[in-house]
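What follows is a single chain, given as structure tokens, in the form predicted alone.
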Amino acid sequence: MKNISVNIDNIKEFAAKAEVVALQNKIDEHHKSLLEKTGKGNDFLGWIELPAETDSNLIASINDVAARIREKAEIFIVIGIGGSYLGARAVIEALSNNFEALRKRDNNPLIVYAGHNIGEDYLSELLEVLDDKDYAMTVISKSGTTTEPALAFRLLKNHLENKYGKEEAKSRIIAITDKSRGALKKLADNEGYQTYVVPDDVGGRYSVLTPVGLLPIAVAGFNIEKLIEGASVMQKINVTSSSLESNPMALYAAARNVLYEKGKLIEILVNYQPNLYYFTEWWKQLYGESEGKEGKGIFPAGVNFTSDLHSMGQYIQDGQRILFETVLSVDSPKKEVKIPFDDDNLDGLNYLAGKRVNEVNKMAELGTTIAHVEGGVPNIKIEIPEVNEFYIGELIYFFEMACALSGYILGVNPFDQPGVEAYKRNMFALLAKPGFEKETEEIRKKI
């Protein structure tokens, strides 16, 4: 069976293979410190062994709860922000029909999201839709006090209780939170909600293979055992060796850091499959929040080709030469569509008649790669046999481990996010939150 692999042939004009290989000693050192949990942020390394150590009883419980939710809900709301929703959304959208919202509902609820913004229209329109729909929800927060999800949960909990009554509402709320403390844990205990634990040693952006991601993915009808199986395979590859030749995570981390040292400050994750859009969004958070600190880090961006070739493609081809691309290249699509012959041929496409649409897409991918490399844009290719639960599981673990290695090469702690607190302090001060009186006084002088 094939696994996800990395190809760096298209960076050789910008970085010699010897320069990538020269990072092997650093990779060995950082790989060892991650496995032995001796490096920066070692309190948040529980995700490393997570796939192989996931309890089968936990999986059974999640599948049982998901089945119960599917019986009573047309819509399932995932309330969370950052890693508390992006991982689940990335997997669900990657595996779903591109037109899921337009399909006739079978036994699987439509998954929608809240608590990831403070849009009044968004929340109001969601509540209007829920007036006429059967729904349930999960609220995901270690503390229960993060503004965006806490605000959304307050509104949705009130709506749910008014619609169904408090007792029935309780059976439609699942809390995923800290095992012993925090506002949400206290509320869940007081109300008797079904709960799952966010492990203490797993940070939000590394949490998709915990109940944070597994519950919504299971409710959506996907096979979480296969997801974990794929991640376990990549975990086994990782623990077997740190060699650049046999560990694709190490190779990717080394290659992107060599390019960074050569002034390639922006990495663009490219996909040619529209349903990988939110996988790019998850990747952006993982890498941006892990590496962007202390004045360092590669800026993570994303494009969806071929759509964005007609917009951002111009800049990538001819703009500043400060970027490189990492392409998610999928070998086999799930479906098959052949291009028909047309007698009139007014569009001039009969030369494609009989070919699969994927053949055209693959030639677009190859042609774009050649053009961009010739235009001064290095290209790393991550090859994925197909998009299914198993390979998405592999890809999740691949990016998580590569991110940790890459952060250590940069010399930062990939498991904290001190910069995230700056906007919160200002927002609390502007809203005159109790306890922020001094900050409120100071910030009002600035506006």
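Sequential numbering from 1, following the sequence displayed. Only a predicted model underlies this, so the values are computations on that prediction, with no experimental measurement involved.
Not on display, but discussed next: the form predicted together with a small molecule.
Of the candidate stretches 142 to 150, 266 to 274, 117 to 125, 360 to 368, only 142 to 150 has residues whose heavy atoms lie within 4.5 Å of the small molecule in the predicted complex. Out of the listed residues Asn108, Ser232, Gln285, Asn257, Gln285 is the one that sits within 4.5 Å of the small molecule in the predicted complex by at least one heavy atom. For the options Val197, Ile92, Ile81, Ala136, the one in contact with the small molecule in the predicted complex, meaning a heavy atom within 4.5 Å, is Ile81.
Not displayed here, the small molecule is kept clear of Arg172 by more than 4.5 Å at the level of heavy atoms in the predicted complex.
The shortest heavy atom separation between Glu225 and the small molecule in the predicted complex exceeds 4.5 Å. The closest non-hydrogen atom of Pro211 lies beyond 4.5 Å of the small molecule in the predicted complex. Residue contact check for Asn388: none of its heavy atoms lie within 4.5 Å of the small molecule in the predicted complex.
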